[in-house]
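To begin, one chain is listed below as structure tokens, in the form predicted on its own.
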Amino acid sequence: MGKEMTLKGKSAIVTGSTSGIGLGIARALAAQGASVMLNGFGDAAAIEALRKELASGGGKIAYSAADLTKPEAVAGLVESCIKEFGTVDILVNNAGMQHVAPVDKFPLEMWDKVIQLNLSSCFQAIRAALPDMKKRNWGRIINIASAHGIVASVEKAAYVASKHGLIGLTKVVALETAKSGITCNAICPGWVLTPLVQKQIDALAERKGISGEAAKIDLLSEKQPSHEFATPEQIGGLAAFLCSPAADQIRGSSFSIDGGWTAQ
């Protein structure tokens, strides 16, 4: 990225950013000089090491342990960012969870929890962040949806519903901010190689007595035609691009990074 795409002087919240996709996005934004509010769970020492690592990009790096399954914590996260950095210029709603069960056996409490974290917390964070963005007539809202925001799979009712809803929310926010310097877009990953997914590959290889590569293909072959994972770094690169001047007129769009999954 050239100098015109620097994020120096900008501040960002990336939810669920202590590992996986969120960390990939946080790294990409920090590398462009943004100050970043990390959020998520994990070992305190490991999170502090990440904070120091990301600070090498020149921005300030802070951390909030806000539990976004609790609505009152979401607005508090935005307030913490403004208190720490003075503004919230970029909001990346990435935190999410999954629960698998048939519709007629889906636990009501898990439905509520998935919808709160995957969808309602995004609305709550956007609602809290927009007034500050409007003061400066600039902002970037990036919602991490999923291939499951476009298509469905069995036994994932809450996840699929939340991600479809998140794409709808993205479009509404984009329309409401269309005449401003604030944009809202969604990224829709397919299978992404995160530490959690690697554990699934390892377990599958052990269970079937096959190689790690064979287990990877077995996992991917049902959905992802490329037979390759997307990476957190690739998703981070797209998020950084959506924060650049080149993306000023990209509004209400959903970008698939899914190896051809939703092209089928």
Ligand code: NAD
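The numbering used is simple: start at 1 and walk along the sequence shown. Bear in mind the structure is a predicted one, so any value in this text is a computation, not a measurement.
Just so you know, the form predicted in complex with the named molecule exists too; it's not on screen, but the next bit is about it.
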### Message
To verify the annotation, which of these, I210, L238, V197, A62, has a non-hydrogen atom within 4.5 Å of the named molecule in the model of the complex?
### Response
V197
### Task
Please pick, from C184, C81, I144, I90, the one residue with any non-hydrogen atom lying within 4.5 angstroms of the named molecule in the model of the complex.
I144
### Query
Where does the named molecule sit in the model of the complex: which of 202-210, 26-34, 40-48, 53-61, heavy atoms within 4.5 Å?
40-48
### Task
Answer yes if any heavy atom of V192 is within 4.5 Å of a heavy atom of the named molecule in the model of the complex; otherwise answer no.
yes
### Query
Can you check whether I13 is within 4.5 Å of the named molecule in the model of the complex, heavy atom basis?
no
### 4.5 Å heavy atom contact, T69 to the named molecule in the model of the complex
yes
### Query
Would G96 count as a contact of the named molecule in the model of the complex, using a 4.5 angstroms cut-off between non-hydrogen atoms?
yes
### Query
Which residues, if any, of 146-167 lie within 4.5 Å of the named molecule in the model of the complex when only heavy atoms count?
S146, Y159, K163
